[in-house]
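Before any questions on binding or motion, here is one chain by itself as structure tokens, the form predicted on its own.
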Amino acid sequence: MVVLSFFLKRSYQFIIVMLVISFIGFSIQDALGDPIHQLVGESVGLAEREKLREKLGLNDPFLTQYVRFVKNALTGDLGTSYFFKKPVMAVILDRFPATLELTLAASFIVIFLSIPLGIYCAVYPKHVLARTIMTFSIIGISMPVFLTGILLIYIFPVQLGLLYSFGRGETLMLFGFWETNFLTQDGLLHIILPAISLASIMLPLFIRLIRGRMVEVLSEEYIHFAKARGLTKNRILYVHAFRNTLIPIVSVAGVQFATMIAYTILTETVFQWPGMGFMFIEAVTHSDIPLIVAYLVFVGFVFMVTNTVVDILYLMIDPTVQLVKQKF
């Protein structure tokens, strides 16, 4: 019953949030320009423009247009791109693998480095290396991602002649629709610098989060009891302490993963990475209103799915959390 109640509650929240996001996205399209002008340009007369406006339903009341938009969205139809001349969902899904793989690569870097570095800084706070790590974490938080990307390009491709500064390189098609970087050497070499640049946003944050939470957990009574029982240091750190450190970190990690997808706009622009972020810049440049609105709705959808997955992982790490919430 608790699991069913959880999914019903999340489904209700999912629907409400998506309706709000779609309403905001649909509302701002009038501020982005006249769709008729984007479709036909200056050469078509006013009479023809008015006929096309009537045919497309642009003269209908706002709520009528919004309801029609939602009905079409439920079938996967979010309109047709003015610039790419094909359905916007086809354009987004074509670019989504590049963005997701870049985000996954950056997330791997964050996880692989932040956990050992955060734990080390918590266990040996006065060590020179720990202080150096914390100093660099402050610099990392303060440094904009586009500046990090430009610096990486200057150091590696320009000065050292290593790695690549733009594009995805050689990719391999999987299942007939998923183009991946992970299965070719050239693709992996192309993704390294963009992934490091994107990871630089979250890596310092997670090092500090893990360190702060680990320091707090290590002062708990059950940790002192574990030491008194003679358990090994590694077992205390990585089994008892780190498990409880993960509980709040997982919640933050889910939100930050979705945030990284949004942050790819800057990273993909610097590295000319052909993902959704670079697509969004192209859509803004060409005033491609349907694609801009669809991008906002799709990113909102990704945020909601990610948060739902995080809640499930939260329950898996500590099943008592949701049960406690149910009592209150």
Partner chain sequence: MKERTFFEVARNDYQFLITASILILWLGGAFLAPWLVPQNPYDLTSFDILDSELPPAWIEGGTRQFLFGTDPQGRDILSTVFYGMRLSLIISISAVMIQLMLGTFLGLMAGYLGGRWDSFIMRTADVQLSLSTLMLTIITLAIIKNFFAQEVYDRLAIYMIIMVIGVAEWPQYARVVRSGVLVEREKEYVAAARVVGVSPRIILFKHIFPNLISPLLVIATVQVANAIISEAALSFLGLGMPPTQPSLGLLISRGFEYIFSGAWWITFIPSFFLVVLIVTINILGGWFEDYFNPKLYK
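Between two forms, the rigid core is defined as the largest C-alpha subset superposing within 1.5 Å. Residue numbers count along the first chain shown, from 1. Because the structure is predicted, anything quoted here is derived from the model rather than measured.
Keep in mind the form predicted together with the partner chain is missing from the figure; the text below concerns it.
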query: Close approach of Y154 to the partner chain in the predicted complex, 4.5 Å, heavy atom; finding: yes
query: 4.5 Å heavy atom contact, P144 and the partner chain in the predicted complex; finding: yes
query: V158, heavy atom within 4.5 angstroms of the partner chain in the predicted complex; finding: yes
query: Distance check, I150 to the partner chain in the predicted complex, heavy atom within 4.5 Å; finding: yes
query: Residues L209, A241 and V250 all lining the partner chain in the predicted complex, heavy atom within 4.5 Å; finding: no
query: Which of 107-115, 85-93, 224-232, 254-262 sits within 4.5 Å of the partner chain in the predicted complex, heavy atom basis; finding: 254-262
query: Heavy atom contacts to the partner chain in the predicted complex at 4.5 Å, residues of 276-310 in sequence order; finding: F280, I281, V284, S287, I289, I292, Y295, L296, V299, F303, N307
query: Core-superposed C-alpha of T269 shifting 2 Å or more between this form and the one not shown; finding: no
query: Exceeds or equals 2 Å, Cα of S287 between this form and the one not shown, core fit; finding: no
query: Cα displacement of F278 between this form and the one not shown reaching 2 Å, rigid core superposed; finding: no
